[in-house]
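First, one chain by itself in structure tokens, the form predicted on its own.
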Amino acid sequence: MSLFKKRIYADWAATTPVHPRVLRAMKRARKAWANPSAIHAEGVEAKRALESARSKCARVIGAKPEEIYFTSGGTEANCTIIQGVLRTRLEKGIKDVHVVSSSIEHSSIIETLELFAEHGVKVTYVDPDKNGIVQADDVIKAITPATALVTVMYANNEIGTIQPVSKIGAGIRKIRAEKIGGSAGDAADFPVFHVDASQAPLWLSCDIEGLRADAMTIDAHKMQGPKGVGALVVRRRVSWEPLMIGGGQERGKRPTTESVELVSGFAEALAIAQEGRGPRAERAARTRDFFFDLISKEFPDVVVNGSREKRLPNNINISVPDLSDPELAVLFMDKEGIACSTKSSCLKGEEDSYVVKALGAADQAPAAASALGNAAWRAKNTLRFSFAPDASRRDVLIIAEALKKLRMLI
């Protein structure tokens, strides 16, 4: 039994509770229960509700309604844009195809790229610096004439670091402009720049033009929306093949009958997330910084993974020395009434965090290792706390007390 009357849910990076306004929007949408592809009155009503939700999303992120394709979530959207862009090149008979990404992307990006690499696509992974930030110049320098796709996440799902995606996008646009000046033909459309923004909407602006992105992934359940629905936003100028075939839904790009209820929940969640992100982020950042200060004071040997400033306002990722079994530590915290995690929930079966391990890849100097701790042990000993927007200092103090108890047991 929990030692506290009220549990502390500090795993918002894994999933979030559905917002009451989202639940109400979904309840209203149940009236439009018919198949949106049908031409009878009920189908037309469902189609109208579907397109209304699509237009709402477009207004929020500065896109055109026809640029939004609803999916089952962020993983499907990531897989779709990667294979869609690469197949466009490969099916034209172009053998020299290259992708630039980072070594700290979500597993749905990395595993999809590994699959294409097995079939001859060259992939360059750019490592972050010791603070978990991928440098825009490093990404741009990795681009070659054969680069078809650049995919870099907006905010990391494990350590919360915010990547300079708008700088990367601006650099890619400059490269494309130079191609056009040189009469490069359809090659001037490449490389396509994709941003996985799944972790971002509650905290950061997701205006697609502001990010200088050609494609963007958004996932409903990371922003207080329902599970099972996400969106892939793709600008009209991008050429890409569908992941699936067998129907004309989503303009032939994602064939399956759309759920008006889920899509309506997605649209409402996105609107709520973006409209209130400023005050929400400021409030969460104050709690996060209080946590960091307390960690420094009470646990000087604990290492904070990633930049303390350029990170999501609710993310705290730490490595605890001598934490031989992080999953047992998570279970201990759970018994203490605290829900947290170790690494990404999508990495079942992996012993350590490849994201934290990558923090030691860019700078192997002994001084850096001494100051920040060895990346190898840090990757095995991680705990991630991702707070609710209304988390309090009392929550932080309770977590600190639980950490003290945990340290006494290891």
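Everything numeric here is computed off the predicted structure, so don't read it as measured data. From 1 onward, residues are counted along the sequence shown.
The discussion below concerns the form predicted together with another copy of the chain, not included here.
The closest non-hydrogen atom of A339 lies within 4.5 Å of another copy of the chain in the predicted complex. Proximity of A49 to another copy of the chain in the predicted complex: non-hydrogen atoms within 4.5 Å are absent; the residue sits far from the partner. Under a 4.5 angstroms non-hydrogen atom cutoff, another copy of the chain in the predicted complex has D334 among its neighbouring residues.
Though the partner is left out of this view, D293 does not reach within 4.5 Å of another copy of the chain in the predicted complex, counting heavy atoms only. For the options D322, E91, D301, E275, the residue carrying a heavy atom within 4.5 angstroms of another copy of the chain in the predicted complex is E91. When you look in the predicted complex, the only residue of K297, R236, H119, K95 with a non-hydrogen atom within 4.5 Å of another copy of the chain is H119.
The stretch from 219 to 227, 161 to 169, 310 to 318, 126 to 134 that comes within 4.5 Å of another copy of the chain in the predicted complex, counting heavy atoms only, is 219 to 227. Contact with another copy of the chain in the predicted complex, defined as a heavy atom within 4.5 Å, is made by none of S103, D138 and D189. Residues L243, M244, I245, G246, G247, G248, Q249, R254, P255, T256, T257, E258, S259, L262 of 241 to 262 are found to place at least one heavy atom within 4.5 Å of another copy of the chain in the predicted complex.
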